[in-house]
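Coming up is one lone chain in structure tokens, specifically the form predicted alone.
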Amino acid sequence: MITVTIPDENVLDVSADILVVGAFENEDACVLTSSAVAVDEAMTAGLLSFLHATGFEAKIGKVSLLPTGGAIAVPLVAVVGLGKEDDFTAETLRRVSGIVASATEKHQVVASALAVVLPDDAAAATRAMTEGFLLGSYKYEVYKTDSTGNKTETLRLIGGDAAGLHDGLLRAKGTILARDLANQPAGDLFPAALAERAHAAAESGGLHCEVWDLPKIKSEKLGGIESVGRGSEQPPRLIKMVYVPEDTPSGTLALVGKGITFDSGGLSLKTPDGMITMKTDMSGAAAVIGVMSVVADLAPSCKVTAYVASAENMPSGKAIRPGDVLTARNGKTIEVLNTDAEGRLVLADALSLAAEENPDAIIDLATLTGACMVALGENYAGLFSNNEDLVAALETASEVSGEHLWQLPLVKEYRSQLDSDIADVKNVGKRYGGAITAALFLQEFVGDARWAHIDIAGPARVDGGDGYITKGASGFGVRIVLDLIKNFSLSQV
């Protein structure tokens, strides 16, 4: 990962290959930020004259490059458009910083003076710049023989805040791990391999980690995980990661992640096009592991326990069939009418395990339904919960992180769609409202716990990058959960 530092130098004498300054959009001409004004004055108004001559409008993310001619220590300056000043937020800065990362990727040392655009909150500005630049520079090139990766080695944040830098680094690191996991081909990241990665992350972070293999899964009566994994040559895994603070915990939080490392649909087979992106069907698990990989460095006062239910959903003579009945960890029987609705089956076991420990709250993340994408598109995750205080805490975390949530209802009248003639519940309802009935199914396995389900089917993967959101797996959810954990206490729920 790129090294990020806070230098002692100012914009005129900072040591770097390129300096980034900002300009706001204006009706007549762009308006330079204070750092850009200092550079312009050192260049005897050459910077502003150049921008006027080239018609630079300072719209968000527009970048103009100009040699400094030796007027300051840095040989090249990049002016980035910040849009309208009245509309500028930390999320805008995060996005702009991601764009800057792409525009400056050929330079080894990049200095940025954009912290001054949020003068009242240097910590928020530094965090946004750090996250935006590191996530915007992300490329998954593990399998490329010739890397086209970012050549930047160091980012220097002039006027940055140490606490904001620490927060930004943790959130970027966790998100990058989540992206790496979800981008890895399923042939190399099967359940056992995912468990190894989770164990390594836990060991590095000083966490306790348990991995349950197939015999243990059977003995612990995890019928959902066992049944979904039955059709694959790769056996399933249940992964448990635990962080305990040094002092008495202020609360206990359980995280649950859907870890379907590849989803063919099972015997309810997907179309060929529908399978292409199914290596990312473990994005919920990736987000949870990403969170846990940095939670010790975040050092929250609450205990955090993560459960990852991982299986590969494949068709074979051993695969679960439509019409079969399985028994989940909490004893409820499930009639499986569609084997492509498998994520909720593995989550049933993981949620049951989480509920057994009576946490103050349970949050699950899953690429659960295409119906949620139909409702909210690709940029918003669906949020379902049985507790409005937990919803409020997650929505606050969403606003800080810039990852979008939209609450959808748990419509009680739809619960009857899950009634089965031969079991306690069936795994699918009617076609319409599928995201809601999926959430209602999950609610059957949380008992009386305060619980929130985040359906990340839309934003977990993107086809084209924008700012700090790069093509492929997005790592969505890591930063929301970390922001929630940082201040989590009994008073929130």
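Given the structure is predicted, the values throughout are model-derived calculations rather than measurements. All residue numbers refer to positions in the sequence shown, first residue = 1.
Quick note: we don't show the form predicted together with a small molecule, though the next part is all about it.
S.K.: For the chain shown here without its partner, which stretch in 69-77, 193-201, 175-183, 332-340 has non-hydrogen atoms within 4.5 angstroms of the small molecule in the predicted bound form?
M.R.: One stretch meets the cut-off, namely 332-340.
S.K.: Looking at T327, S385, S398, T369 here, can you tell me which has any non-hydrogen atom within 4.5 angstroms of the small molecule in the predicted bound form?
M.R.: Looking at T327, S385, S398, T369 one by one, just T369 meets the 4.5 Å heavy-atom criterion.
S.K.: Which one, A296, M278, V391, V242, lies within 4.5 Å of the small molecule in the predicted bound form by heavy atoms?
M.R.: Comparing distances to the small molecule in the predicted bound form, the residue within 4.5 Å is M278.
S.K.: Given that the small molecule is not shown alongside this chain, does A457 nevertheless sit within 4.5 Å of it in the predicted bound form, heavy atom to heavy atom?
M.R.: Flag for A457 set to yes.
S.K.: V428 near the small molecule in the predicted bound form, any heavy atom under 4.5 Å?
M.R.: Flag for V428 set to yes.
S.K.: Does any part of M373 reach within 4.5 Å of the small molecule in the predicted bound form? Heavy atoms only, please.
M.R.: Result yes; M373 sits at the interface with the small molecule in the predicted bound form.
S.K.: In the predicted bound form, does D263 come within 4.5 Å of the small molecule, counting heavy atoms only?
M.R.: Heavy-atom contact with the small molecule at 4.5 Å: present for D263.
S.K.: Looking in the predicted bound form, is the small molecule within 4.5 angstroms of a heavy atom from every one of R94, R127 and K139?
M.R.: Contact check failed for every one of R94, R127 and K139.
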